[in-house]
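Okay, so here's just one chain, in structure tokens, the form predicted on its own.
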């Protein structure tokens, strides 16, 4: 049986991955799929798993660097409506893993449910946010999770309850291949209060983050309460570049890629920053970006 048997309608070969990332860098996926429902997703994962083929999931690509040589095996992109659902029941919100984080934030604010307004302006999907435990202003998305339905790399669907989950700084125990959906429990607060708070936070974040038109990515985790960008600046590295990738002047923890930049440019600059911060400040920066 062919590896793609039964799924030819949703799988493409040698698909360029750069358009699916914020940096717009990288090679192709050997196989690329956009399943339309959970049945197709589960069957495809099982088929590739049984053939011992690697399977990866790509979300909004905001914290992802694709190697120029490309990616072997299957890359799955969950953009179909079945994976982007959102439902509110009193103080609970159930959200599909492919849902944009911005949609989750807007829905919570509109429904008068407090907490998510702190995440306004942050890119990504719910699945990616939970895998990485996205945080802002001292709160993290994991603190509201009641349960999560996940798909393992063997294609098994299981539910992870709150007491079996752990969240810490920019990481979680949700290591399964796919987060299908998650349920959040939130506190009530007047929607008008949350709207005002969200608008203020959005203005501040927009002034701090690079324009959405830039090919930019956040590179390092903050360290011991100190922002990685401040450490990079203290090390005297502002303005540093490698090939066609440079540090953003307003926040050097963002790498900005010009047209024609390569993954090697990014990796070279990443290594330079890590080495110089270590030698000059005796601090070790850990990458926040995933590298495929």
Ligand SMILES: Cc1cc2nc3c(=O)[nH]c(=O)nc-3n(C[C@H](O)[C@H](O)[C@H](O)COP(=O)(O)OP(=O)(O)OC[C@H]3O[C@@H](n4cnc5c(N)ncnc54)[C@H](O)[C@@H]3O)c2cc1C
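Positions refer to the first chain, counted from 1. Predicted model, so just to flag it, every value in this text is computed and none were measured.
Although it is not shown, the form predicted together with the ligand is what the next lines describe.
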Segment that reaches the ligand in the predicted bound form - one of 190-198, 84-92, 204-212, 102-110, heavy atoms within 4.5 Å: 204-212
4.5 angstroms heavy atom contact with the ligand in the predicted bound form for residue 129: yes
In the predicted bound form, residue 254 touching the ligand (heavy atom, 4.5 Å): yes
is_contact(residue 221, the ligand) in the predicted bound form, heavy atom dist at most 4.5 Å: no
4.5 Å heavy atom contact, residue 186 to the ligand in the predicted bound form: no
Output flag, 17, 74 and 263 jointly within 4.5 Å of the ligand in the predicted bound form, heavy atom basis: no
Residue among 80, 114, 216, 165 with a heavy atom within 4.5 Å of the ligand in the predicted bound form: 216
Heavy atom within 4.5 Å of the ligand in the predicted bound form - residue from 33, 228, 247, 58: 58
In the predicted bound form, residues of 260-292 near the ligand [heavy atom within 4.5 Å]: 290, 292
